[in-house]
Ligand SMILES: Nc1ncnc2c1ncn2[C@@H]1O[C@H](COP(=O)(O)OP(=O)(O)OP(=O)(O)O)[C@@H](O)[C@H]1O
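Consider the single chain below, provided in structure tokens and representing the form predicted alone.
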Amino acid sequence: MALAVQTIGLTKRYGVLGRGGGRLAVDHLDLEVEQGVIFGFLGPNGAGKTTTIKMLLGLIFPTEGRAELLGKPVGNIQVRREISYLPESPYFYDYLSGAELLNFYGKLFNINAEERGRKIRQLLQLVGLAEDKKPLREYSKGMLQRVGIAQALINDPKLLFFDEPTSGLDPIAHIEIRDVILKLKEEGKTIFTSSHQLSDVELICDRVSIIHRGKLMKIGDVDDLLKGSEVQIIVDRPLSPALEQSLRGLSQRVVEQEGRILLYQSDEELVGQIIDAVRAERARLISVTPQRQSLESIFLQTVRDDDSGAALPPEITFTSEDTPLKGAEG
């Protein structure tokens, strides 16, 4: 499948260049994101997520490496017309209404009046603001995020970058934004999203990566990453003492439950032996269930494992030429 995003050795260093000083914000990042998917770009604060997105958008330049969007180099004029970006806290002219804001951005893209009007109505309907006429200064945080998504779609982009699209939203707005993102995927768009809302990422993303200290630590399809190696086997009591002793010996861990015993094992051969032993004794087998990990547990384990072996960062010295852009370290 064609790639929406590809980075090869993408690196950004802030500090004194050429003398081994400074700090690596992004460290030789290799990424491939296929078109038509929702891709989650995860990492703790300061991991390099926002810096990476800014390099992909051409807002800052890499120290090393390169990146392509939709098969063309970052900065290509045609690519710029086919991508869009919604920052975590968008700023809009607060005296405009939602429709007026979209009209303004539509004019910037040289969309003719008839097509512009059609798109504005369509997009406001998509984000649930079709009937709202008040100025943006009276919008809630959730409404601003929704009109921000509409603004990001005015040029009908193939690739969208969302930086924390559900941050700070109430539960209802949270769900509404999530549903809008899923609708965009149904329309064939590619969404590259950075988020700390791991439950959302787990629900909507097809593929995720975890970045920490500027390095790519883990990447894969969500379903593959969440597959647990452990199997839970629940057996009803009463059991003969010999069978219970045998089951305990075959299990990695055992959990007592009133009237039942829960057995856990990751070795497929031993799982089969447990099931055979239960059936041989004509005991009641309640269930055999592969356990699913959470994205949160995978994220924490990945970051903590990296932190446990990490050296202290070098002291940073900036010159006036090397001082990073404000907010670019994220």
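If you're wondering where the values come from, they're calculated on a predicted model, not measured in any experiment. From 1 onward, residues are counted along the sequence shown.
A second form of this protein, the form predicted in complex with this ligand, is not displayed here; the remarks below concern that form.
With this ligand left out of view, the stretch that reaches within 4.5 Å of it through heavy atoms in the predicted complex is, among 285 to 293, 270 to 278, 63 to 71, 44 to 52, 44 to 52.
Checked against this ligand in the predicted complex, the candidates R237, H196, K227, K141 yield a single residue with a heavy atom inside 4.5 Å, and that residue is H196.
Using a 4.5 angstroms limit between non-hydrogen atoms, L10 is distant from this ligand in the predicted complex.
Looking at E164, you'd find a heavy atom of it within 4.5 angstroms of this ligand in the predicted complex. Heavy atoms of E176 never reach within 4.5 Å of this ligand in the predicted complex, leaving it off the interface.
Contact annotation for E202: none of its heavy atoms lies within 4.5 Å of this ligand in the predicted complex. Contacts between 71 to 88 and this ligand, taken as any heavy atom within 4.5 Å in the predicted complex, involve only E88.
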